[in-house]
Structures are given as C-alpha cells and as structure tokens.
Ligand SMILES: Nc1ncnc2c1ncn2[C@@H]1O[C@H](COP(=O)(O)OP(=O)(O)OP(=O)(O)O)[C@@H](O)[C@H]1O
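Starting off, we have a lone chain in the form predicted alone, written out as structure tokens.
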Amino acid sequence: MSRTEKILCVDDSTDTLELLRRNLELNGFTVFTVSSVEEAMRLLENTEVDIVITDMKMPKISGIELVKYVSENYRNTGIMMITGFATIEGAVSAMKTGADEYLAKPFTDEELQTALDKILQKVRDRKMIAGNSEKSGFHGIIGKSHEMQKVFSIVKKAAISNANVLITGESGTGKELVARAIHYQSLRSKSPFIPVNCAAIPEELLESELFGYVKGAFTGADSTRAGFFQTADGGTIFLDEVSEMSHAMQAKLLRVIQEREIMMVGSRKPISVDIRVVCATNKDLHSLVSKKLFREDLFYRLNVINIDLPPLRKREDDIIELLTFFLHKFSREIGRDDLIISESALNILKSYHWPGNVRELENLMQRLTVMAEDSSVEIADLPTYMRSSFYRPNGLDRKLEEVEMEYINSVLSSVNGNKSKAAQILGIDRKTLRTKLKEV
C-alpha cells in the first residue's frame, strides 16, 4: 500500500525507532528516524513532514519542548506523544502543549494506526480551515447559498464568545465541521479541540471516558487515566449525538457545565476544567424534552446559541460547488484528471433529495472517481436508485410501499449499507428497519 504521508519518529531508543519504522513502512508511510530533538529540529527545517511522533523523555531537550516547537512553527504538522511513563498529568500537559494524540507504551499496532488516522484527519481539517485547499470555503465549509451564509454569520458571532453552542441538523450536514470552525476561529484555537461521539461509546463506559478514572476505580482500572474533559482543558469539547445520553449522564453533564469541574470515576476530589462545550444532535430536542426523554434544564444550558444546519436538498446552489470540490479532492488523491459531470447527469444530481446530505454526496464522488472508466460522468455511471427516482413519474398513482422502499434503499445507499445509521436517519429502530427490508 502506497501513501503520500511522511512521518518523523523521534526517540533515543533504537529498538523503539526500529519498531516504529517497520510498522509505519508496512502501512505505506515514508519514515524518517532521529534519536534527539536537535536532529529533529534540523530535519524539519529542510523536510516537510505530516506527523511527528516523539517520546516524552529525551536527553537534553525533552519531547514536550519538541511538541511546543512543532505546534508553534509547523501548524499543519500533526504531533503524537508516546511515553513509557504514562501519567494523567503528562497526557494533559502534552495535549495542552500541542500534541494531537498521546499513547502509552506498550501500544498495539491497531492503537498506533487509530491514533495516526485521527491525527491525519485533524491535519486535513487544519489545512482546510487555514485556506490551503483551493476551495475551502468558510473555514473548511463549502457553501455560497443564502442558507449557509446565515450559518456562517452565526458561527462568526458564536466564535467570539464562550457561550455553549447546540448544533442541530440532519445526519451528514457537517455538524462537526461547524464545531471545528467555531473553535479554530475563537481565542481557544491554540488549545485542544476534542470531538466525542456519545452514541459510539457504550453507556457503561461513557462516564469514565468523559471524566477519566483513578487507579482501582473498577476492575481493569490498572492506572489513572484522564478523560476527554481534562484533555480538552483550555479548549473545546464537542459532544456529538448528545441526545443519546442517558438521564443519569445528562445529570452529570449538567453539573459539569454549571460548576465547571469534573469528578473522576473512583475519586471524591473535584477537578476544575476550563472548557467550552459545543454539542450536536440530529434529533428534535424540543420534542425529547416534552416527552421527558431529555432534561429540560440541560437543554437550556446547551442551547444558549443554536446553529441549525440546512439539509442539502435546501442548498441546491451549493451542489455544483460541493461535487466539484470532492471530485478534485479524490482525483488528486489517486493521481487522475478531474472528472467532468455531463449536463444530463448533473440534472439528476441537482434534483435528487440527498437523504444522507453532504456525506452522501462526498461518498458518491469518491466512488465515481475510483470507478469511472472515462473522463466524463454520464447518467449510466450514477447509482440505479438515483436514475430510477429521476425518471419515475411523480404522480399520485404509486403505492405507498413502493415510495417507502425507494426512500429506504436510497438512505441505505447513502450510508454504504450501515443499518444503524440508516435507521437513525429514518427515525426508526434497527428492528423495524430489518422488518421492512424483509417485506420486500
């Protein structure tokens, strides 16, 4: 597997450097290795790298100093701190200084790759926000439509305050991009931005992931570990899908927001945190509050500033700009010339209802870039469900089951067959979705 990213590994242990080099080269990265911070600084002056991986304890100049140097002088370079002496203070210090990820030795190949993937995504986001992309739009968000201009106006106003922000909108509309834009335009931009998908973390682990835990707090807690709130200290924590929290967790989150302090699992000592809270949901929180499924007091605490993102079907003016951007992005990644969308194919794309929103459009452009035989995208290159939807009459002679299944199939396609995501977009549970699919 060939990749374009370059990684600099800094460690005074030759064994660790060799281990990292072999692992990274097997995954297609170009790797540089040095055994001191001084050598790393000299290499960075003449060589552009995407990620710096450094040990914390280094002779003469520490890894923390290198993290600070890189974060201040090479904004678009990601940083990973590794250490054999993991402490909660070390992790927080590394993240505050500018590290994007922190790994304790020994770590698995999977843990290393997961951390690298997160850093590369952060680097891409920073480059877009910094305007290094040709069509990065507003802080990495593409959209010239009237609806998106209103969103950008609210983002600018939200960024200059410390008020909590609630971002609402359908799945795939770019809620995390908006959260990042708020953070990187604010006075907290040099501090961590920590995204947390509340729905992806099992309920029984969510508290310890958010607030951390002390050694011995529960079975398997072999050491003290910082939570996301401590890691985000001084910066912004982004709680995506906050509506999925249980009532018990909602109460604990409310206390953190009110008191600006957390309580680690297994500890009775509160820890002060200086963080900005930005939340997001694709659910109607007003409705959940009225049904007693979401705490009213927490809702009002989170909803100080509301940013409601419009679905792509209401942003027709942005579709051409978005698909052009994604085609250029994916064509550049695989080294082919940009594809051209024929007028007939473009008419279908503009009239399609996009249940998966911008994420669905991005996925389709990537597929077309990889699969297209010619330089032009024609109607035949588009998915069957898009073509059939466009040509099928919109009269009142179609059965309800037919319309429903067409919509379900298009949603499934928009999320690459992920039934959990499809059920979430459709507003039904997985069991109901499975039943409907069996009825076909």
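Residue numbers run from 1 along the displayed sequence. What you see is a predicted model, and the numbers here were worked out from it, not measured in a lab.
Just so it is clear, the following notes concern the form predicted together with the named molecule, a form of the same protein that is not shown.
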Non-hydrogen atoms within 4.5 angstroms of the named molecule in the predicted complex: do 75, 176 and 358 all have one?
yes
For the chain shown here without its partner, which stretch in 110-118, 184-192, 258-266, 141-149 has non-hydrogen atoms within 4.5 angstroms of the named molecule in the predicted complex?
141-149
When the contact criterion is heavy atoms within 4.5 Å, does residue 171 count as touching the named molecule in the predicted complex?
yes
Please tell me whether any heavy atom belonging to residue 21 falls inside 4.5 Å of a heavy atom of the named molecule, as the geometry stands in the predicted complex.
no
Tell me, yes or no, whether residue 228 is in contact with the named molecule in the predicted complex, where a contact means a heavy atom of each within 4.5 Å.
no
Using a 4.5 angstroms cut-off on non-hydrogen atoms, would residue 282 count as touching the named molecule in the predicted complex?
yes
Can you pick the one in 326, 213, 102, 294 that has a heavy atom within 4.5 Å of the named molecule in the predicted complex?
326
Among the candidates 201, 322, 249, 289, the residue which, in the predicted complex, approaches the named molecule to within 4.5 Å (heavy atoms):
322
With a change of at least 3 Å, which way does the C-alpha separation between residue 75 and residue 234 go in the predicted complex: closer or farther?
farther
Direction of C-alpha distance change in the predicted complex, residue 321 to residue 75 (at least 3 Å):
closer
